[in-house]
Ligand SMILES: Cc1ncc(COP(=O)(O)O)c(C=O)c1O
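Heads up, the chain below is alone and in the form predicted on its own; it's given as structure tokens.
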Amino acid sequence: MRIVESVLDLIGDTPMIRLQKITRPPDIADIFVKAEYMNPSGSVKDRIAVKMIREAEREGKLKPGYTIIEASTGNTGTALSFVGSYLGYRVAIYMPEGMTPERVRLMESYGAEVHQLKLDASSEDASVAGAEVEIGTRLRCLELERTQPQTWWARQFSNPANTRAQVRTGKEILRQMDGRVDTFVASIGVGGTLYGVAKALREELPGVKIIGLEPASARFPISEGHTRIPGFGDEVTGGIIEEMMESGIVDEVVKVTNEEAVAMSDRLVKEEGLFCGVSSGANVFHALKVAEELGEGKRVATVLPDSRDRYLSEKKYTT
């Protein structure tokens, strides 16, 4: 086992696991899952937190004594709380109300201040599209950035470092799968993971199919042509999703219900022993559909974005 100089050195290089029980019968494609919940703070967002912070430091946008702020439904907030606090920054996270209390406690455990803002509207479905419910919290971050000196807003939804961090994830997948991937499936969220991995895969595998997933309850579904929230400018909605969809790199966007995501996440824990969250369930739910269509001898890859420890009080497909 290697010795590292910093906990930040443990970010990335997560294992790739071939599912065994969920993929029965054997005449369907193999499904490989990248266990991103094994990053130090429990999610794929550790990758973007360290990348965004380090690039901001190099560019002189983030300096000692500054406060890192971000709008988040949970995982990015936790990752920034972890990395930012470790590097000596004050961190303040702005969350929409309704996220599980475990997320708040995780961020506070790392030393962050967590501010919960009321939602303007709620969905009857339990699933949450972060791009929609984060609008109020992004507006708050924009206000703070404009009025408070020594504040750096990470802007995960539009920060190019987000995508660059996930290109590394895609390169890891290629290496771990010996360059053999037929289809990659992942929830869209703010777009960084899907876009970054897709870029890495397409560079080596021009024919690989890229499928994005979104909550079935989205008010402005990407699958129906929405890439921004109407009524708001680029400073709070335009960004990675818009660029990704305009690039044509995503072949298809599919809706997954909260019930489908939760049921599969339960199966992953019980049948495969993978202690992953509900978005992981959404990813594998559709990956299984693709595997059945492709048939034996093909390979489907996806990611398990976060740990189940943030869904203990309530199971909700949150992107």
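Numbering starts at 1 and follows the sequence shown. For clarity, every value in this text was computed on a predicted model and none was experimentally measured.
There is also a form predicted together with this ligand; it is not shown, and the following applies to it.
Only one of I188, V197, V185, L80 lies close to this ligand in the predicted bound form, with a heavy atom inside 4.5 Å, and it is I188.
The closest non-hydrogen atom of S265 lies beyond 4.5 Å of this ligand in the predicted bound form. Proximity of T193 to this ligand in the predicted bound form falls within the 4.5 Å heavy atom cutoff. Interface residue remark: K45 is counted as part of the site for this ligand in the predicted bound form, having a heavy atom within 4.5 Å.
With the partner left out here, this ligand still marks one of 305-313, 18-26, 291-299, 5-13 in the predicted bound form; by a 4.5 Å heavy atom cut-off that stretch is 305-313.
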